[in-house]
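Given next, in structure tokens, is a single chain: the form predicted alone.
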Amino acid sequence: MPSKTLDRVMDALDLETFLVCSNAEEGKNLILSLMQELGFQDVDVVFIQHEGPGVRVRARAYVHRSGDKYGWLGVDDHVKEVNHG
């Protein structure tokens, strides 16, 4: 998922929502599918709780794991180019 804005994310993005489903396992599968549809490949479920008609779930999509090539290291150079032409 190439994006200039994602280059500025230091580590990860969290997405929290309520999904209508019958149990926590179905909810986990749904949130992982959703994150994949959004273009994220490296995802963990960090919280999930079944409540009534579904689950409250938080997923974390890692943009950069420790030791990755960090996109944000070049952000200062990019900002200088934009501001000074």
Partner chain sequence: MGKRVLLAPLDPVHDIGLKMIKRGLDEAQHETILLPPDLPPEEIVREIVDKKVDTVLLSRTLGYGVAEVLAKFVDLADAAGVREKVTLGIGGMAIRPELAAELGFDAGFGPGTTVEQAVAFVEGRELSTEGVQVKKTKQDMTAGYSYQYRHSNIGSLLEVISKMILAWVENKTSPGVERAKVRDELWDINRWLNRQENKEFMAEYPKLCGEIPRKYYETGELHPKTRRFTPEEVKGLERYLEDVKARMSVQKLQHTRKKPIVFNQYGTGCPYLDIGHVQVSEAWGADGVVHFDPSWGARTEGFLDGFLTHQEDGTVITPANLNRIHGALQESTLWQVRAHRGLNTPETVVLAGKIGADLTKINFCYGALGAGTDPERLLVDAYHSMKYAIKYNMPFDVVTNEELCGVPAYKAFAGMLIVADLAVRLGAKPILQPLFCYSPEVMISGQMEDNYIDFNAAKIFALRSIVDAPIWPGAPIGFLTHSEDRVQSSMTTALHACLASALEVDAISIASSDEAYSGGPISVPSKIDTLRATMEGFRFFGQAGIAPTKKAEEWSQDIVAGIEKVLQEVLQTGDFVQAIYAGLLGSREEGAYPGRAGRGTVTTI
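Residue numbers count along the first chain shown, from 1. Keep in mind that this is a model prediction, so the values were computed, not measured.
Not pictured, yet referred to below: the form predicted in complex with its partner chain.
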Going by a heavy atom distance of 4.5 Å, is R60 a contact of its partner chain in the predicted complex? no
Exercise: G52 in contact with its partner chain in the predicted complex, heavy atom 4.5 Å: yes
Going by a heavy atom distance of 4.5 Å, is E16 a contact of its partner chain in the predicted complex? yes
Indicate whether C21 is a 4.5 Å heavy atom neighbour of its partner chain in the predicted complex. yes
With the partner left out here, if you bring back its partner chain in the predicted complex, are R8, H64 and L73 all within 4.5 Å of it by some heavy atom? no
